[in-house]
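Below you'll find only one chain, the form predicted alone, shown as structure tokens.
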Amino acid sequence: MQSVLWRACFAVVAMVAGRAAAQQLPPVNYDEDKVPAYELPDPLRCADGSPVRTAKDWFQKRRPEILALFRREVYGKAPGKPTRMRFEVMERSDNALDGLAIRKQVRLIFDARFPDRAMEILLYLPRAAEQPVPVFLALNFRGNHSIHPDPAIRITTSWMRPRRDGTVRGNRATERGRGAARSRWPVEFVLRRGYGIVTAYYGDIDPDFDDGFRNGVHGIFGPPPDRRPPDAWGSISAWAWGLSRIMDYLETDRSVDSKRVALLGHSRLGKTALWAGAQDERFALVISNNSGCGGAALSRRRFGETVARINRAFPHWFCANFKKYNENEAALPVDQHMLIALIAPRPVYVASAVEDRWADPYGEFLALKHADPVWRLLGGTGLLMRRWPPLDTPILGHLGYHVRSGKHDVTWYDWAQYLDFADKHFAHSDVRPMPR
């Protein structure tokens, strides 16, 4: 009886707390007529009011300004490349997936002083292709072993979010998770198109929960939790930093064409891919899949997920300064079209799903549209359609876009467009930054 009473009390407390939390935020807006009037900052006008007229103006003045604003106000400042980082090849097979692939599993130790803090990188490269090969790089949500049922993939030992399907027990992955996310990873399809796949579990870099920035790479490289400045790096910045460390490895692997690495991310990892691509110009092509608020969607629209909602639900994702803009998006000195613009003139693809209203599909398209002038300034084709396109109708300029039928997910349809986009741009020399 006592346990029943306690459960009832906890249920009441949870209900009251949930209502109180809901009362702190306005209702979620899914009505275009209720999108507030807004004015976007101009990516081609410097902080001193001077216009950006040349590539030199962009690269030497305006781009550094915008990059510094995102580091200070949104994602936080990350450290540079570690001096004690090292790589260890844990396993290799030249006859993986019934002879279709070369498989490598590499352990990346962030700092030799902390050998237990490491990330495991899984590579599948097409065995029949001439090497070095172009690759798609993407972090995964459920461990490397989740992307394919290949029994040789090592099961992650890092912290994982509990799941009811038995794939995670006690915050540790189980054998039942092998291949559990296969629908999002058409490995054989990508290999047969001549591309490799490179992935790592994002929790190897920074476990995705708010512990005061004590675990993961924050626990190695600081700053100390009790002395964090308001522009210290959050988890998205940490995951983006981890992608650059994978790129460090790829530059050492002679079987990979490190000049043709397509960076892909879905959802929160789509936000991560955009931020990594904005900072690290070694990524030749960047893809955002359903990244929404803090990713490709314009914050000022307040459609679906908002700055206030994302900061309260995930207080560890962004830097502390970003919380100043909760329900105050108009005060932001940047918006997400400027994040996309930082990647110019390299190709960028943004993909939306029409039923994923939380991620504001139209706001994602508008951000791409408002980034377009930067590509055109730098001599690119930019976005080839000015209006939101019909469903399942890809646009393939230097800026690519589609809005897909269906929900928040990564599908084979999405991958088919990304492969076509990579084919288009990797066949030319326009994937590297322009001379400055």
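Model, not experiment: these values are computed from the prediction. One rule holds for the numbers: they count along the sequence shown, beginning at 1.
What comes next is about the form predicted in complex with a small molecule, which does not appear here.
- When contacts are defined as a non-hydrogen atom within 4.5 Å, all of Glu305, Ile310 and Trp317 contact the small molecule in the predicted bound form.
- Partner proximity in the predicted bound form, defined as non-hydrogen atoms within 4.5 angstroms of the small molecule, places exactly one of 260-268, 296-304, 95-103, 116-124 at the interface: 260-268.
- A single residue from the set Trp159, Phe221, Tyr362, Trp358 has any heavy atom within 4.5 angstroms of the small molecule in the predicted bound form; that residue is Trp358.
- Contact check for His408: a heavy atom falls within 4.5 Å of the small molecule in the predicted bound form.
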